[in-house]
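Only one chain is included here, represented as structure tokens and corresponding to the form predicted on its own.
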């Protein structure tokens, strides 16, 4: 009787909704959306289709559940990391550089031609937004099917669980920045669309490189693209030719972070009062 009970418990655990969603994510990662079938799922879980249909009604619900699970894990990991870094001695600034060490003796007078901006406090709303963004960036890189599903969630069912999770995580930090309530939706939307769009494009680039040119590494691919840009007609493409070398040498994560900081700079410049921002240019 005890053996039978243990087998029943193991079977119940194996066929829980969480285990089914976990197996679906594994299939999506290895075979893409086309490879996620109930037949493949039953083989992976060594069960019958009826047991799976008990927990999920159809493939659309399964895709939604897989998307929700991956996004929730990404946001939870970044919240934990952000909370853990709150008491660290050295903060990370917008460019990802460690804060300078405390001086050990009298400060020497220095003259600088550049104006030094005040550093953000540790665990600032800006840092939290960057952490959320990188969590989603890494999730899309690890799960190439995710960008498509996120786009569908945003357009097809913004009332579902995924869109509010992302919007809430970023929106709370926009509010913490001091943005006036009347601009919360616009500012948060700008960040969400940049993060999902840029991270999704990066994931698509990586997936294409892996499938279409598997024997060419990233540096070789960008070098070839840079050379092609340099060979464009100088009269028709003067700007593209001028930035060809920058395109070849860029780092995807640094570029992604720079874009976030551009959006944050615009938000603070337009919406924060006094010294926290600057007034928008006068209307023509």
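Please read these numbers as outputs of a predicted model, since none were measured by experiment. Positions refer to the first chain, counted from 1.
As for the form predicted together with the DNA, it is not shown, yet the points below apply to it.
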**Item:** Every residue of 227, 234 and 241 near the DNA in the predicted bound form, heavy atom within 4.5 Å
**Value:** no
**Prompt:** Between the options 44, 55, 253, 248, which residue brings a heavy atom to within 4.5 Å of the DNA in the predicted bound form?
**Reply:** 55
**Complete:** Which of 22 to 30, 45 to 53, 254 to 262, 64 to 72 lies within 4.5 Å of the DNA in the predicted bound form, heavy atoms considered? The stretch 45 to 53
**Request:** Determine whether any heavy atom of residue 270 comes within 4.5 Å of a heavy atom of the DNA in the predicted bound form, and answer yes or no.
**Result:** no
**Fill in**
Contacts from 28 to 44 to the DNA in the predicted bound form (any heavy atom within 4.5 Å), listed N to C, are 36, 37, 38, 39
